[in-house]
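Below you'll find only one chain, the form predicted alone, shown as structure tokens.
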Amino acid sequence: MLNRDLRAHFLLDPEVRFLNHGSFGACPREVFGVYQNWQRQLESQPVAFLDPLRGMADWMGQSRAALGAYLNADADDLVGVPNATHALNIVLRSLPLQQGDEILTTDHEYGALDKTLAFVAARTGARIVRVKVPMPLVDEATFTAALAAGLSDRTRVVFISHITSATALLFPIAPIVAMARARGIWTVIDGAHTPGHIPLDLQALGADFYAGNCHKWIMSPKGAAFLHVRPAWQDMMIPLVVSHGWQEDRSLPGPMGGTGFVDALSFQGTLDPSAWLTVPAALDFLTRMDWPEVARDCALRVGETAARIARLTGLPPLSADAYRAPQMAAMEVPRTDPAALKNHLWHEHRIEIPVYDWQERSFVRLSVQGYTTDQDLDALVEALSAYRF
């Protein structure tokens, strides 16, 4: 276990046991300071700051370059967006789907994206094919076979999470991405929880479209995320807002100093780009603080705490350890009113943690980050032990 107390690096309320990093993250104090410096620079001369040709395009490019190096991706294949849901809406609403086309997905997808899929299906006539993932998730072959069984000659898209939100599972997606690509099927990956959580090599994975958040496990301020698109499909992408960065001919240099793809999706009216501009500072913080070591320690403590709660409830885990998100665990508890348990944990113990129903079962989802203490985890176990389910 680490001997360093990392809580001082964060701005979290010391009176709160914050066990919900997975929802919105928490930004380190020094990275938040960089964020505020960008905002002050913006307010000191808004016109000059927001003019792409007077620095903005270069600054945004520096963030894309830093993130590209971290994810093994070409900077020109990346664009900064406010969040992963925004990025995936761009993709799903741009794909030229038609009546009878099929979108293959799973029963573990994030609620907002389930709604996006339904929206797209209703407007295009495409059909959603939802595969039930065999549970518990214990091996790659069974997972891949279940997804492969859902493919048909009408499948145009495979939409799948890399790390799931409700169940905190790490899906072994590489084989299904490769299978889909070999069949000419687009792969759209919801990687909201992935960057900074596990090593991610976008070139090696080869997904057609990949969206991820920087404000979760990379720990930038809220509102920094990315969309990665393989060059073959960049001309297909239609921004949710058409503005000064748009031009019909994407083969030409972008009007704002980048490529046509980057400019069309990056410059969409008056937005504060400060969160996106802090990405290099957040990545630098992770490097200087040897965050991979911190993450390994967090993963050990997640596993230990999940095992303690499983012994308490008598309920089995959702997966083998290899397929659980390293720093998160969705832990089943006896069937209960989620709102009542959540309110109890908050009002009686000041524990901030998600409590919810999924497929008619009740869960508590634990996140452990560098600032999490053993006392925080003990408090959760004790509170659940004393609760009358």
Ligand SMILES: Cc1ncc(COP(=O)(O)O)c(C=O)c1O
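For clarity, every value in this text was computed on a predicted model and none was experimentally measured. Numbers follow the displayed sequence, beginning with 1.
There is another form of this protein, the form predicted together with the ligand, and it is not shown here; the text below is about that form.
- Within 4.5 Å of the ligand in the predicted bound form, a heavy atom is found for all three of 83, 161 and 190.
- Of the candidate stretches 140 to 148, 215 to 223, 304 to 312, 117 to 125, only 215 to 223 has residues whose heavy atoms lie within 4.5 Å of the ligand in the predicted bound form.
- Checked against the ligand in the predicted bound form, the candidates 177, 113, 229, 283 yield a single residue with a heavy atom inside 4.5 Å, and that residue is 113.
- A heavy atom within 4.5 Å of the ligand in the predicted bound form is found for one listed residue only; from 165, 274, 106, 319, this is 165.
- Heavy atoms of residue 23 reach within 4.5 Å of the ligand in the predicted bound form, making it an interface residue.
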